[in-house]
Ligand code: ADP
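This document starts with one chain, in the form predicted alone, laid out as structure tokens.
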């Protein structure tokens, strides 16, 4: 594990130079040149990088807009969590190293700065990269993609509302905005906004006594796209306003599409009247992509960057970056940046070095491993799952374990029964029940998805 001493032994300015190279791959040229190019690392102390900027405006902009991206990039390079702060100190030419002679390829911007929720005409600026054409379809997202496409083609008639849920970085926002692109092409009025922005805008409208304008803006759209709707949980006035906005749009057959990190039933402190309305149309989940889908995503990404990356390198990256698409693209960016900075060819050995903070995902799961991980996930003992308890909660958790062992390892019914102290008919019944519940019970579906994600999660090397 990297320690403060090993960072000190490695010049923090060198680490910042690597970070700048990676950041240059993650943003547009104008953003990089304006905010990042002329910065320099002036100190590293107690896990915090201090970055010098030229003026107070740059300090505020970096702190508000790019700090999470910069923290994540530095943490990935070092292999542990670090923080970053910005200080106004004009950077001399010697402090800010010149960019490399070989130009780095720029990526399109991420969420920061690409969405204008508060445009005066009620429209929205959608990310041009988030289209159906750029969305890689695989077993993990096929249903979500199909219903999203149907909604885009028949808004207000196919599935209204459409509720998409899944973990971070799996493509929910991509599908949400892809629907918006199609609607805009068909000359519909589209508003894309995060639920946090919806809340902040409502607060502002109340403060300035302009709630009528707020309601007019939201209730006259042809299509309302709400990202991260789980954010409104526990916010009573926001839920009240959103309830009436939802009713007004739905009654007018205007399309509503929402995303969340969990199904409606699992959103804490969400009013029951909203929970039921969210389920009126269609609920579709997006699961982590399998290996083949991850490789396909990397192939498309590399091609969009104009880079030829050998297949074995893409496979090596896909095996390490397993959890979501965001991590996958970040891993590719990391590898390309290391190749640029170190002037090394793209090889599996380079992947091993650039992604050394990640170990390859577990390639072969054992029933015992699944049993132990499930017990940890449920917050119980292994003996609770293998014991004689017939408590309803333990019984359903035990059946989930049976189902996962059967699906993930191919173990026979008697083998699973021996592990859990049950006969093979009990195991068969348990597996069949969970298979049925997955289709109708969002909470069990969520638990199985989360457990599967943990089973295949890369192990961070310490």
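Computed from a predicted model, the values in this text were never measured in an experiment. Residue numbers count along the first chain shown, from 1.
Just so it is clear, the following notes concern the form predicted in complex with adenosine-5'-diphosphate, a form of the same protein that is not shown.
Engineer: Taking the shortest heavy atom distance, is residue 167 within 4.5 Å of adenosine-5'-diphosphate in the predicted complex?
Structural biologist: Yes, contact at 4.5 Å.
Engineer: Counting only non-hydrogen atoms and a 4.5 angstroms cut-off, does residue 211 reach adenosine-5'-diphosphate in the predicted complex?
Structural biologist: No, residue 211 is distant from the partner.
Engineer: Taking heavy atoms only, is residue 340 within 4.5 angstroms of adenosine-5'-diphosphate in the predicted complex?
Structural biologist: No, residue 340 stays farther than 4.5 Å from adenosine-5'-diphosphate in the predicted complex.
Engineer: Would you classify residue 136 as touching adenosine-5'-diphosphate in the predicted complex, given a 4.5 Å non-hydrogen atom cut-off?
Structural biologist: Answer yes; at least one heavy atom of residue 136 falls within 4.5 Å of adenosine-5'-diphosphate in the predicted complex.
Engineer: Heavy atom within 4.5 Å of adenosine-5'-diphosphate in the predicted complex: which of 271, 384, 329, 222 fits that? Just give me the one.
Structural biologist: Answer to the contact question: 329.
Engineer: Tell me, out of 181, 323, 129, 80, which residue has a non-hydrogen atom within 4.5 angstroms of adenosine-5'-diphosphate in the predicted complex.
Structural biologist: Looking at the other structure, the residue within range turns out to be 129.
Engineer: The chain here is shown without adenosine-5'-diphosphate. Which stretch in 68-76, 245-253, 297-305, 197-205 comes within 4.5 angstroms of it in the predicted complex, by heavy atom distance?
Structural biologist: Stretch 297-305 is the one.
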